[in-house]
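Next up: just one chain, as structure tokens, the form predicted alone.
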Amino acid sequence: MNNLKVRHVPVLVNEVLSGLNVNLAPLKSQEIVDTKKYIDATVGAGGHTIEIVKRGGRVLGIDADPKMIEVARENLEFALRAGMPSGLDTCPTDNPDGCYTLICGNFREIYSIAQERGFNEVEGILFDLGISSLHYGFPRGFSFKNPDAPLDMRFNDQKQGVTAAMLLSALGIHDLEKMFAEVMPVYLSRKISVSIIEERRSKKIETVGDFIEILDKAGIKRKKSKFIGSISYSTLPFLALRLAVNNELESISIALPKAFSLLKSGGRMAVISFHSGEDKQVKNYFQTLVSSEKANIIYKKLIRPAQSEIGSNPRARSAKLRVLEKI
């Protein structure tokens, strides 16, 4: 799994550290550690968690995908135990295992998971929504680049029963339209839904290739979308399916209030979103807290990656960061 460490690049690292009030300078081994507690609600491959731990924080990392917990653990052990020649990548405590705790679970369960691990009053919480770039290499149907892969899209096949193929085979046309309309114009959602209904009359929908064929028949080509810059229209149906399979939008609405309740006074919540549906939920919830005088917005303007970051990490192109502070 060593190649995974090389391929993973966390998004908006310095902006997240600054937003969460984490010291931007990594600790030296001889410095006193301030063991402030943070929760990385979407730990992924561990990139953000590594940077927080290097600066003296203790992190509870949560991820719904057991494979990503495995990746995060290996990356953390490599960065904090093996270290780098500069000495900046070693754990700033004598006990690397005490720097972080990794739990496989959905972030909608963040409150109970945090309470059980003693993270009930924390300095900061991060949500990096969406999926890790590593997911596109997993044979679960997250990307159209592997036509032979099963159309699955579940984060955890041990806890989730319904696959993307099952949804396409069972949903009625109105439910299909509603699902795709979460991320696409209504007229395109309608075309895709009609194509799905027609296709499943003659064959089973089982693989990524089957879904690509449906999109081709619906006229959804790999042209750039004027709605989201460089992401093609053919990417959007895959996004809509993944959101539905994993109940991601519903989970966000459930998780944000629970996460806010875990913050200490002066604690901060940072959320990175990658499409308008996610960002709308975050924005509306943050505004509700501000209106009720429970929180303040840290960045008045939406934080986006610099062009230099997008150039080195194309995944960052759609990222949007919002941060608030609990009063």
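Predicted model, so just to flag it, every value in this text is computed and none were measured. A residue's number is simply how far along the shown sequence it sits, counting from 1.
The same protein also exists as the form predicted in complex with a small molecule; that form is not shown, yet it is the one meant from here on.
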In the model of the complex, the residue from 238, 107, 100, 180 that sits within 4.5 Å of the small molecule by heavy atoms: 107
Residue (of 151, 129, 220, 243) lying close to the small molecule in the model of the complex, criterion heavy atoms within 4.5 Å: 129
Distance check, residue 211 to the small molecule in the model of the complex, heavy atom within 4.5 Å: no
In the model of the complex, residue 273 touching the small molecule (heavy atom, 4.5 Å): no
4.5 Å heavy atom contact, residue 48 and the small molecule in the model of the complex: yes
is_contact(residue 251, the small molecule) in the model of the complex, heavy atom dist at most 4.5 Å: yes
Candidate stretches 196-204, 114-122, 164-172, 129-137 - the one whose heavy atoms come within 4.5 Å of the small molecule in the model of the complex: 129-137
